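Given next are two forms of a protein chain, the same chain in both, each as structure tokens and marked structure 1 or structure 2.
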Structure 1
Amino acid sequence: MIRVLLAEDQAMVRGALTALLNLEPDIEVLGSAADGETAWRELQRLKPDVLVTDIEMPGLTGLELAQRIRRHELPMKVIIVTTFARPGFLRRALDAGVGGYLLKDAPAEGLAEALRTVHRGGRAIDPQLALEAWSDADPLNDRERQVLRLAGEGHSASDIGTQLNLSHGTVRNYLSEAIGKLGAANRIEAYRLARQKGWL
């Protein structure tokens, strides 16, 4: 019997996944949590074999949860189930030692199978995503990332300069760099590109 804890912030999806997994004779859903902190507490209380978690949750993200489990050397496996096909996310997840990384776009039948694989000590990584993850690395440095993030929120160059204690000229240089590296036509496009790669 595989004992599972579920962490997912959308209540309806949480309930539906519970129903789905409970259909499997060899899987038991011990409980579920709506945010990272709750998941962390339940984890220690229930000691499940596997944690199935979303990434985007209030408080503590699924990635941070995975890192924390590794740091404390807890014995359970982790499977990430998320909407976001961002190479950067998968990369961070693998660094945190997760056993599985599935997309919500993947067929539901695969989830139970992935659970069994990971429980046996195997890995279940979405295949096409696995390719991309190691193909192109984040070309942005810290300054470029900061500046681009603020620009994407609608701030002007002088605005950003004030916030980061830089001159507006320097901000524009960083933006120009970032736009160039990403092959974008302007800051808006650059922001979108970086975001969808999980680099922001």
Structure 2
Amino acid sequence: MIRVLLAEDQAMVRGALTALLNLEPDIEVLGSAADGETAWRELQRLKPDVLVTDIEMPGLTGLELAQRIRRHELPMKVIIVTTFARPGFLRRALDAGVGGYLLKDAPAEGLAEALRTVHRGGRAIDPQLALEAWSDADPLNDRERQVLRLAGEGHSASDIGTQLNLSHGTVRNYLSEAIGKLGAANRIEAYRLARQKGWL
């Protein structure tokens, strides 16, 4: 049996995925979580073979969950099922060791097949998205991404400096670098562009 934990903040989608996967003779849904922190606790408690997660959730995102799993060397695979057809998200997911990246509008039977493929150690990636991911590289480094995300959420340079333990001048330098790399006029435009590409 392939033992699965689902992490999805929309109750209807979570219920539909659970029902769909439980129809498969070789797949068992052990439990589900509506946010990233709950998913993290359930992962450690239930020890599933595969985590199926959305990207955007309260608490931890699906990408942050995947990064934590990799950092803690937990012996489980990760499949992301999302509405975000953004190459930047896919690249970051692959960097985090994700084995599958599927879009929610893909055929339902594709998820069970992807689970089997990833469980065996293979990859299951939406093919069109995979092509796009390698044609549009993310120019931001991790620190620029953190600073730009916080700036786009309305935090001042001083707030960002306090949160990230950086000087005011360093924060301004990171913002300036990010704006320049994205060819944007200001931090708001840079944030919007980076969000559209899936780089934040």
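Only the largest set of C-alpha atoms that superpose within 1.5 Å between the two forms is called the rigid core. Predicted model only: the values in this text are computed from it and were never measured. Every residue number counts along structure 1's sequence, beginning with 1.
The second of the two standalone chains is derived from the form predicted on its own.
In the core-superposed comparison between structure 1 and structure 2, residue 21 has its Cα shifted by less than 2 Å. With the core held fixed, residue 176 shows a CA shift of 2 Å or greater between structure 1 and structure 2. After superposition on the rigid core, the Cα atom of residue 161 is displaced by 2 Å or more between structure 1 and structure 2. Core fit done between structure 1 and structure 2; CA of residue 189 shifted by 8.8 Å.
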